[in-house]
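We begin with a single chain expressed as structure tokens, specifically the form predicted on its own.
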């Protein structure tokens, strides 16, 4: 049905005060999102690499049958069955890590790739929503442009209740959501390095062409929440999208995963971390004046976090690190318990790495022996680009579009015109984050790809609170009630909160 003016904004204001972060590759999986939603929060699934996650689950044999069961509800059963037939291995893969690879995609994805993407977006959201009425959102990374339209459409077909987009400037998403809800063609503009002035390369997606003659459901447009780090970006998004941003998630520099680069240059601390200062704090007074609900993220997963955010005028909080370590997290179980043990013993160290991510954005890594955070492990790894989510499109000398990544093999990157200086310190986040979720691929030099854990600066406090291995429902109840988690102080790590948080900006606008 046509979207009614103000309807999605009203829906955004009705979303829970607690949003669970959409983390990594399958860390925020459907089980975690479902548990949070059932407990009274906004459960969020990560949309990153969902096509590969679905293919891996089917190749592992789908032992509990959930993937095939939920795909039986997909509107185009011929498409769903093609996906199952391509990827399902009844007995499971014979050797750990020996997954059949999902083909890399470019700005013109093949039909098979689009089918897998749409089915994956549908399955993850539908499983998270299965059997209850709580709201479920999906988190997409704006930088992963070529996969986003198809995954988003699958999520919309499953009735997703909110769309959260960060890791870039998501100006085109409000229009894309509206187009896809009407089953009309949609597109995103592809960023091409070395492109000509005025050049417009698009990632196009046409739902009706993909689903053929299937009977398509009527879709109501869900609220769109932009993940930002500054009030300036919030104001810019409202202007450039005709106001079709229904709310904001404001992530401080102590949040896990990718962080926005600090304003004012690339100065580093004595230990090599980017230095953030007052200019990197959003003006919450200006945000309050925009008449949009906003949630604060980064250091708010504590007993008083929600109260502090409310005092600052926020609708609520987004919490990631706590949920990434709870029982329903998608993190590989032995790795999750190791990180939890390090944190509980105050032995977990979070480093904001200015070089690790191929995107050039700072990325927080947790020092865990045996993972890619260990320099010796990373140095021994043979470079390969077999997933390619963070590849950058570039204009080749012959005029065609090529793809390169500073974490791919050095010779290949340089042959594509990449700068040698961009190779330093880069890690293959695609393989590492797949491994963190238990889908470690076979490595070229033997063995399996190493994992890489990310978390916010509040990890030590989170470890204290989770030393009893709590479930998502326990966390939601504690955070909404303002009760300290077992073993955690009421404020967790105040110095971290106030160093880069928003505590100094409470009070009226």
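Just so it is clear, the structure is predicted and the values come from calculations on it, not from any experiment. Numbering follows the first chain given and starts at 1.
Same protein, other form: the form predicted together with a small molecule, not shown, and the subject of what follows.
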query	finding
Complete contact of 49, 330 and 431 with the small molecule in the predicted bound form (any heavy atom, 4.5 Å)	no
Segment that reaches the small molecule in the predicted bound form - one of 49-57, 64-72, 440-448, 22-30, heavy atoms within 4.5 Å	22-30
The small molecule: the contacting residue among 136, 155, 117, 255 in the predicted bound form [heavy atom, 4.5 Å]	255
Residue (of 435, 163, 141, 147) lying close to the small molecule in the predicted bound form, criterion heavy atoms within 4.5 Å	141
Contact label in the predicted bound form: residue 456 to the small molecule, heavy atom within 4.5 Å	yes
Non-hydrogen atom contact residue 223 with the small molecule in the predicted bound form at 4.5 angstroms	no
Close approach of residue 151 to the small molecule in the predicted bound form, 4.5 Å, heavy atom	no
Proximity of residue 251 to the small molecule in the predicted bound form, heavy atoms at 4.5 Å	yes
